[in-house]
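As a starting point, one isolated chain is supplied in structure tokens, in the form predicted on its own.
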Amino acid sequence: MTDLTKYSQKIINNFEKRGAFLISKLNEKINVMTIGWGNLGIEWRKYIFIIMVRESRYTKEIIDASNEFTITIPLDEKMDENLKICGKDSGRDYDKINTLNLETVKSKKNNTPLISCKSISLECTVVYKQKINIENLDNSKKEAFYFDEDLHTFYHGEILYINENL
């Protein structure tokens, strides 16, 4: 396993600037969406990346079935327009990978590919998931983010491999 500390500052800085691609795959169907929230840390003596996916998202269906995902964090602005599109359009409606001419590369430790670009990518397997309990959430967060009751599920992904593509 690659030492996460070598990459953590670069991951956080670039994730905060522009977000990241969350890639999921079931059978031959590959889906990509943009995420702007996440958490990098250590749980159960393993490196973990936590993602939040709303109940209504097509990505949730795929991750629930496949139990894995990858994260590609672009390191420059060349993918910014694709990040915007993948953040607003659903993979239920069309194949974003082909429509946007995104190139994918095979991951090393799971079946979900990575987006090919100057990036750091994380290959993850789900070790824990939990739907948010709205009753335990601060009222200001309820009002700001869950007024439509489209709640998130938190997926704790053990980082199996870190790819740096420069």
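Everything numeric in this text was worked out from a predicted model, so none of it was measured. All residue numbers are counted from 1 along the displayed sequence.
Absent from the display: the form predicted together with a small molecule. The rest refers to it.
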Can you pick the stretch from 128 to 136, 40 to 48, 106 to 114, 57 to 65 whose heavy atoms fall within 4.5 Å of the small molecule in the predicted complex? 57 to 65
Should Asp89 be classed as touching the small molecule in the predicted complex when contacts are defined as heavy atoms within 4.5 Å? yes
So, Val53 and the small molecule: in the predicted complex, are they within 4.5 Å at any heavy atom pair? yes
Contact label in the predicted complex: Thr34 to the small molecule, heavy atom within 4.5 Å: yes
Considering non-hydrogen atoms and a 4.5 Å limit, does the small molecule approach His152 in the predicted complex? yes
